[in-house]
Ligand code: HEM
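Just one chain follows, in the form predicted alone, and it is written as structure tokens.
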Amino acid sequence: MTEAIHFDPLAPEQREDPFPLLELARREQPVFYAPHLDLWVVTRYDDVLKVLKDHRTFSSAGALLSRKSALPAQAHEVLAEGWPDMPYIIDVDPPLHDRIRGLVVRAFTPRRVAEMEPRVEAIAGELIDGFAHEGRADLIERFAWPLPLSVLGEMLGIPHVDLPRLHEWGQDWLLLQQERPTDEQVSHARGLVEMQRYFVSALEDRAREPRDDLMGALMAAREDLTVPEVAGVPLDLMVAGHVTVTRAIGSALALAFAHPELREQLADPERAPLAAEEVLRLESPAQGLFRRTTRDVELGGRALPAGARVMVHFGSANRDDAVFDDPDTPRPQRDALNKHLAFGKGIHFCIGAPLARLELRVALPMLLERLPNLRAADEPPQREPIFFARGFRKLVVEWDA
């Protein structure tokens, strides 16, 4: 097998703009093998959808795992101090997936999300109040990650003082999934174990003394699930639930600076929800996730063997011109907008999507209203280093204070 498409999401040029390469792949080699990653990459919308809807053929085990090499023994020794087999809803298959998802559905209700809207507005306003007079800030550090992290912290019942370290531990979990030097992998393993211990302890507290928060609701609804099995839920929610919104806020602002019409729509509370959906389509925060074939299968004209590692590329599928006309241009009124795959599809459709949508439709108009003439600063933005993600680690902006 030859590598006609050189796929390297961590290369600087592909970090900055992966879309020309993905367009080439969709046109010439829609399912291709990247030998240096031992990864089959699926780029066309219909093929991505086929994978997402067939969980029997395409297992979600290792859904976040981009590295092909095993962890070093030192990292395994650290992980053994926690719960190496703790299940996370993002990468478990039925029947355990169905039991955990059922728990989440019972506890993470639409009503609980809707009741958070006043707090989302208040938290966003308080954050902006803290820097609006400065005229310049890194909006990722000052707003884009504190907002969703604070919202989830309140829902779960986490003290505000603990949020920064949970943010760091969440990054450890994600970075542990990709190729890193041995010393870094050991450090990331320690962070993950600390995060596991944190949530197991918090849930045990609620078993002894029930509370009216999301972790309390999870414990009340857990039925026959063990505490470590339940602990994977708030851990997953805390990480996936805030980094998606963080990335989307940064991407929305970068697009708004380049496209005045989109900026106008994002600034309008009535039109912001659709404009945010278009941002999610264009700059999918999770560019893709991973699957493993359970049998030999043909996909996109290629024969994939059993046990093959597969990346379903949401970001590519969301720019497939077979589904989205003029896919690289922001057009929130497009007919096919509701078909985008930024939150996935099938049994693993993102459980936090309603909360993410609420946060985006509140935050983006507020930023553009409260920070007059908001614009990119002269300091180049920095992309984040997660293999399968698209977002900014740093985005410095200016406004008329």
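Computed from a prediction, not measured in an experiment: that's the story for all the values here. For every residue, the number given is its place in the sequence shown, counted from 1.
Only in words, not in the display: the form predicted together with the ligand, which the text now covers.
Listed stretches are 323 to 331, 82 to 90, 121 to 129, 159 to 167; the contact stretch with the ligand in the predicted complex is 82 to 90, by a heavy atom cutoff of 4.5 Å. In the predicted complex, residue 348 approaches the ligand with a heavy atom inside 4.5 Å. Under a 4.5 angstroms non-hydrogen atom cutoff, the ligand in the predicted complex has residue 355 among its neighbouring residues. With a 4.5 Å cutoff on heavy atoms, residue 292 does not count as touching the ligand in the predicted complex; it lies far away.
Contact annotation: residue 244 falls within 4.5 Å of the ligand in the predicted complex, judged by heavy atom distances. When you look in the predicted complex, the only residue of 52, 362, 368, 41 with a non-hydrogen atom within 4.5 Å of the ligand is 52. With the partner removed from view, the residue among 248, 189, 282, 149 that has a non-hydrogen atom within 4.5 Å of the ligand in the predicted complex turns out to be 248.
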